[in-house]
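Shown below, as structure tokens, is a lone chain in the form predicted on its own; questions about how it binds or moves come after it.
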Amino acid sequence: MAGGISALLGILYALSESDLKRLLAYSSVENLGIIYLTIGAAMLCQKNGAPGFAALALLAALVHALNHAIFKNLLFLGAGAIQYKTHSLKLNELGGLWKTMPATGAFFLVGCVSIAGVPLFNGFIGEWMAFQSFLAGAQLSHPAPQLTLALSAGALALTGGLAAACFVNVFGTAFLGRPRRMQIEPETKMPLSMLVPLGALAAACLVIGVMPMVLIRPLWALVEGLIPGGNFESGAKIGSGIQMVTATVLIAALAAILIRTVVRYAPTWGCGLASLTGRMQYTATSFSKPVRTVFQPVYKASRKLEISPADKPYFPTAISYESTRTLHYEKLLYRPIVNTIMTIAQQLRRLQTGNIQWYLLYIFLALLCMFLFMRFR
């Protein structure tokens, strides 16, 4: 349950975020939730006498943890490259970077489709194996674990869909369209020392996605040592299933490329206007608006609308709108702990008198307590 809630909350807050690094940090919460979800499924299957399914779920957790380390590092390094070139990480200030940063854009796109769980890339493997282990819960004998694993599958499906929407938003807002602010137009040349790590991580995402047994085979040996009774044949069957899906997607992609031989370029229609500007396109905030509306009970945003002058609402000279997301889980879970620690710290500040005699007394009392502890231990 905790893993599913963490995954859903993480990706929901990532969708509503416009700062790229904060968005990636929330996405890490989502992926850690998926890992904990699969570990919980492994423990549940092991407890109910299904070591084969338990081994599969644990393997999914290990695979996804390793893949997450690869594609999330790729995305963070890509964010660093964007900041190096544009001096900004605000998605609503970016746009059109594909024309000025094509190599970085290609590598960043690999990271986006990997974290979204698209076939041909490594993020698909762990999530596919997690689904297989959750759906296998229908074969357990007790209804409680069956329901739990079914809900886990639903939570993973919803999380995957939201993750795909989130990173379509990220890539489309930052790299496609037109620049939103000309003053941050990239001018410096991207150093090779930044591109090489991006390329290496992108290649790892693609290689593992196309050849999953390279990763599954050694990890299954580890799983067999942790869960006796786990059968490698099930892991090999899952690996062959992933390769079949990968081959099907690859053939379909190649067929689409071969069929689409004639490309016609035309200017973008501007709704009758003479020219287009960077303001005539979706921002990251507007893209995520439908999701934020659907999940309004989760966000509970506070809104502030100011119209100037106030006595002319239909003919204003200026309109200001501000929406602030409230973090209810922080208020409920973390804020009481933080407030308690701060209260205790304020009381302990009274011990800092600035008088050296008091400090010598503290040392003497500490030594005395230590000697008494050693004496009566």
Partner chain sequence: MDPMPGENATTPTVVEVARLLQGPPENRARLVSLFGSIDSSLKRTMVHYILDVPGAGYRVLEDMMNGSVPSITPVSPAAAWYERELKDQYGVELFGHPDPRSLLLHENWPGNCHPMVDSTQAVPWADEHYEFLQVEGDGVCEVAVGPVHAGIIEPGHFRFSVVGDNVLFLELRHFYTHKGTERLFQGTPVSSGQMLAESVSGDNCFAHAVAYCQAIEEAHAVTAPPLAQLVRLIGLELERMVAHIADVGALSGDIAFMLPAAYCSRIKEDLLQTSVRVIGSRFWRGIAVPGGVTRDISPSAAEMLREAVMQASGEFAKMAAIMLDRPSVQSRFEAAGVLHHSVAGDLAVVGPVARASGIDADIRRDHPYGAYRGLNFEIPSLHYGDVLARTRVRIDEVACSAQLILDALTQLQAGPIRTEVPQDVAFEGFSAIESPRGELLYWVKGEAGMLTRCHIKSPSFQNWPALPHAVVGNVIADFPLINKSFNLSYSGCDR
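Note that the structure is a prediction, hence the values are computed from the model and not measured. Numbering follows the first chain given and starts at 1.
Quick note: we don't show the form predicted together with its partner chain, though the next part is all about it.
- Message: Looking at 297, 191, 290, 225 here, can you tell me which has any non-hydrogen atom within 4.5 angstroms of its partner chain in the model of the complex?
- Response: Residue within 4.5 Å of the partner: 290.
- Sole residue of 214, 271, 221, 196 within 4.5 Å of its partner chain in the model of the complex, by heavy atom: It is 271.
- Query: Within 4.5 Å of its partner chain in the model of the complex, do 279, 305 and 318 each have at least one heavy atom?
  - Reply: Every residue of the spot touches its partner chain in the model of the complex.
- Stretch in contact in the model of the complex with its partner chain, which is absent here, among 309-317, 36-44, 64-72, 22-30 (heavy atoms within 4.5 Å): Of the options, only 309-317 has residues within 4.5 Å of the partner.
- Query: Is there a heavy atom of residue 88 no more than 4.5 Å from a heavy atom of its partner chain in the model of the complex?
  - Reply: Looking in the model of the complex, residue contacts with its partner chain do not include residue 88, since no heavy atom lies within 4.5 Å.
- Query: Would residue 286 sit within 4.5 Å of its partner chain in the model of the complex, counting heavy atoms only?
  - Reply: Looking in the model of the complex, residue contacts with its partner chain include residue 286, since a heavy atom lies within 4.5 Å.
- Query: Could you tell me if residue 92 has a non-hydrogen atom within 4.5 Å of its partner chain in the model of the complex?
  - Reply: Yes, contact at 4.5 Å.
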